[in-house]
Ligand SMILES: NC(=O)c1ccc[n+]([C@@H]2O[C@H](COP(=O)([O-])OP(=O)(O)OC[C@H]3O[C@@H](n4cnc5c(N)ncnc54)[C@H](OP(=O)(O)O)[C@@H]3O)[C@@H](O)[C@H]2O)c1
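Below you'll find only one chain, the form predicted alone, shown as structure tokens.
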């Protein structure tokens, strides 16, 4: 895995395969075991948000291994004023049971000026309450606005919807991010599970003695600087996801995928929240 690690500009490195927690919490014990199993395997990035109501679950999962985990959380747009961002971060820290968040994101564009949110993020970072800050669901034009702000160049990452069916970010956001050495986190990399039975993916999976899920994750992680964060609520799913790191898709596989799920030929509005 070492050769595939994703590096932030700070020098911190994470596995390109993380663990999402959206819509988790119904099978708490099993989900905590799954998150811990993922950490043991090296999938140390765990994604949560104040909106998900899973921060306390994540906190319990990493209680005995906080130094190994890379926690990502997010502030709701309605809370992302200067003071609101700082208060939201304090609440997240309490729910997580930790004194710092590794990466803190604005969840999506809201009513408050970017300048207020970024100023709060910068101060939280200076106070050691967050180690990195970034954005979520922002397209190129808005990311340019972020970078133009004081300390905006410190924006560490952007998290967006990306999977075989939703490829719009390939047109300009992925190249823009790569040029700036800014990791891009792909949420819903499995297309909410609706692609697993697609005949093309089933056929490719057979070639690799793998599952369609593993093929989809391998495809998302094929590009430098991309981190996939699938939800995995059981140890079986975590282990299935982990094996995607060993899959090397072929030129034939890529041609078949492009035929079934064409790459964008023009600018497409950013999908997501």
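Please read these numbers as outputs of a predicted model, since none were measured by experiment. Numbering follows the first chain given and starts at 1.
Although not depicted, the form predicted in complex with the ligand is the subject of the following passage.
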query = So in the predicted complex, does any heavy atom of residue 97 sit within 4.5 Å of the ligand?
reply = no
ask   = Are any of the heavy atoms in residue 230 no more than 4.5 Å from a heavy atom of the ligand in the predicted complex?
value = yes
inquiry  = Given that the ligand is not shown alongside this chain, does residue 223 nevertheless sit within 4.5 Å of it in the predicted complex, heavy atom to heavy atom?
reply    = no
Non-hydrogen atom contact residue 134 with the ligand in the predicted complex at 4.5 angstroms = no
note = Checked 152, 113, 193, 175 for heavy atoms within 4.5 Å of the ligand in the predicted complex; positive is 193
query = Among 47-55, 201-209, 62-70, 244-252, which stretch has residues whose heavy atoms lie within 4.5 Å of the ligand in the predicted complex?
reply = 47-55
ask   = Taking the ligand in the predicted complex, which residues of 15-41 have any heavy atom within 4.5 Å of it?
value = 20, 21, 22, 27
